[in-house]
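Below sits a lone chain in structure tokens, taken as the form predicted alone.
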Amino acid sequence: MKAPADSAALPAHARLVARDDVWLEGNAVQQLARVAALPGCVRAVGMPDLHAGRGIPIGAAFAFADRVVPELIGGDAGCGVRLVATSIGRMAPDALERRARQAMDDDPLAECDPRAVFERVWERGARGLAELDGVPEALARLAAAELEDSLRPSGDASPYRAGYEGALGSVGGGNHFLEVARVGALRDPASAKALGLSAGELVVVAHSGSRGLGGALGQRWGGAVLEGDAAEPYLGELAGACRFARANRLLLAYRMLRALGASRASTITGGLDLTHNDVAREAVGGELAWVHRKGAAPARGSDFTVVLGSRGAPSWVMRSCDAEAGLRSVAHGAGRKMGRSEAREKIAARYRRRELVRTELGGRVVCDDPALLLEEHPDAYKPIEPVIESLVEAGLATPVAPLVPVLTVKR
């Protein structure tokens, strides 16, 4: 795979994973180079979905030998994706849209004590929902079936007791979404079977994070650079935010599973939950380092991972190759090719509103925000196929199955 021309500006310990046919914004590559040049950075990898953020590139992973840099995670702490595979084969589009809207309007935590909700999910993540009084039985069963996470104990919650539990079960803005998708033609049938995926059946995909809680975490730690024991309080609070985000994605998935009539254990065939924005202690070059993922999906061992498309392009389930050269990470999505203001201007001129709520793949879009309909249009994103092929050619992951959007919710 030939390196993009802009990679010449990167230091020796940084690389771009992108084929020549993947468009990369020059400003994003400059941001990657700037972070790679920070003291203590020993490895930096820009994924094929790399795009510019607010001073920090999105779609990248960075390894620091002796320090944690909270600014690299920012307010996106805990953002990630949950995939739930089902045995449901089809549902009439009108009925699915109607039931999805109803499910999003219902509050499964309405009978729960808000303070108890926050405490349980901060400490226990999605599993904590099973320990609450007033939780619907089907949701409690889903939560109880969650595996124990491998995060460190959650830190001090006192700076975050400000009603954030009210956002649980909501998608949020930006590129976050809740979706029903259909499994396409299998590229790796054995791996698909291991994850519970069958061609033609429906899955739920929830892409969201810790909502306002992550923003508060980012503001609290600002431009700090943390070494040794000084990093422990931040890492504990980050763990709490990641658990909060996982609980949020479980609630979102539960809502869509209800719409599908698939919230029973007998209709759920598998799934996973991945975090795209966190800090983990991992081996890099034979030494332990702090790996910061900023909009990058983990790809450790032979684990499953997911690269998100757009509402008009499939997401892909992939199998990890445990590639240290890629910091055991892959792209978390297709990556933007238009800024939000540019998308609003250009896409409004190209499409009528009724065209915005249907996709070329035959999918539907539920979104009551006119700006988001434009900003998140498929035209604002890179094509997903070159992104996937870039990851394959770089030896970071192998394709398992595409997930073709059927109904995408943005609200």
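Please read all numbers here as calculations on a predicted model, not as lab measurements. Position 1 is the first residue in the sequence shown; the rest follow in order.
Unshown form predicted together with the DNA; subsequent notes refer to it.
**Q** Using heavy atoms and a 4.5 Å limit, would one call residue 176 a contact residue for the DNA in the model of the complex?
**A** Residue 176 belongs to the contact set for the DNA.
**Q** Is residue 76 close enough to the DNA in the model of the complex to count, meaning some heavy atom within 4.5 Å?
**A** Flag for residue 76 set to yes.
**Q** Can you tell me whether residue 340 touches the DNA? I mean in the model of the complex, with a 4.5 angstroms heavy atom cut-off.
**A** Judged by the heavy-atom cut-off of 4.5 Å, residue 340 is in contact with the DNA in the model of the complex.
**Q** Going by a heavy atom distance of 4.5 Å, is residue 236 a contact of the DNA in the model of the complex?
**A** Result no; residue 236 lies far from the DNA in the model of the complex.
**Q** Please determine, with the chain shown alone, which of 299-307, 183-191, 152-160, 208-216 has non-hydrogen atoms within 4.5 Å of the DNA in the model of the complex.
**A** Checking each option against the 4.5 Å cut-off leaves 208-216.
**Q** Would you kindly say which of 85, 313, 96, 171 lies with a heavy atom within 4.5 Å of the DNA in the model of the complex?
**A** By the 4.5 Å heavy-atom cutoff, the listed residue in contact is 171.
**Q** So which of 350, 34, 353, 54 reaches within 4.5 angstroms of the DNA in the model of the complex, heavy atom to heavy atom?
**A** It is 54.
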